[in-house]
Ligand code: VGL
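Here we start with a single chain on its own, the form predicted on its own, put down as structure tokens.
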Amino acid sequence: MSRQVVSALIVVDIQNGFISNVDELPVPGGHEVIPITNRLLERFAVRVASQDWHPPDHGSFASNNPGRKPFETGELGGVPQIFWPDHCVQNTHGAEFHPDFNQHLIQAIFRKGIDPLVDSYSTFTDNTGKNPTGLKGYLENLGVRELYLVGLALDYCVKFSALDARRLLPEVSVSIILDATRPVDVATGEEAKRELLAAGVRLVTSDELLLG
């Protein structure tokens, strides 16, 4: 008798700072991913979420780099960096999960972006690839063979999480549920899709899972 395949859902950064706090880093249409994500959660045996969890002095914030404006580019931690508006600062409203998100269904939370000297888009490791969050081992210990990602934003944290999953868990099938994610920018969102497909990441819709 064949053993049932263990599937996991990773919910990336469904936080106030990316949705409802207009003075932080709201993703256009970000709130629209929440009801879809909530419907999906009950379909998965393994359900984890990530949180951006920045200290107030984080080096990725334009405000901590004199002369820099939000969305300018430079370097942080030896790798290319976009300098962002302050967002998802530890122990603030912006860092909390959005209240409409059913976080009580989440079994584990992985926080990232804690080191002020390097940013962390991926839920698996920081942008240098040197400081893992522990998510890889968590999924391996549970025998996960299928991985699905939703959340914010498609062109940054969701994309880099999926690419790291392909790199770190080569035997695991990796998919992004497109209607349960949104990009910061439409153009970079389309570019992200091409990059993800080239890396072997599947792009699916929630209907394929909920109605299949």
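Numbering starts at 1 and follows the sequence shown. If you're wondering where the values come from, they're calculated on a predicted model, not measured in any experiment.
Only in words, not in the display: the form predicted in complex with the ligand, which the text now covers.
J.: Is it the case that residue 25, even though its partner is missing from this view, gets within 4.5 Å of the ligand in the model of the complex, heavy atoms only?
T.: Flag for residue 25 set to yes.
J.: Though only this chain appears here, would residue 33 touch the ligand in the model of the complex if you measure heavy atom gaps against 4.5 Å?
T.: No, residue 33 sits far enough from the ligand in the model of the complex that none of its heavy atoms falls within 4.5 Å.
J.: Is there any non-hydrogen atom of residue 165 lying within 4.5 Å of the ligand in the model of the complex?
T.: No, no contact at 4.5 Å.
J.: Does residue 110 reach the ligand in the model of the complex, with heavy atoms at most 4.5 Å apart?
T.: The answer is no: residue 110 has no heavy atom within 4.5 Å of the ligand.
J.: Counting only heavy atoms and a 4.5 Å cutoff, which of 150-158, 62-70, 172-180, 38-46 contacts the ligand in the model of the complex?
T.: One stretch meets the cut-off, namely 150-158.
J.: If we check the ligand in the model of the complex, which of the residues in 48-79 reach within 4.5 angstroms of it by a non-hydrogen atom?
T.: Stretch hits, in order: 52, 54.
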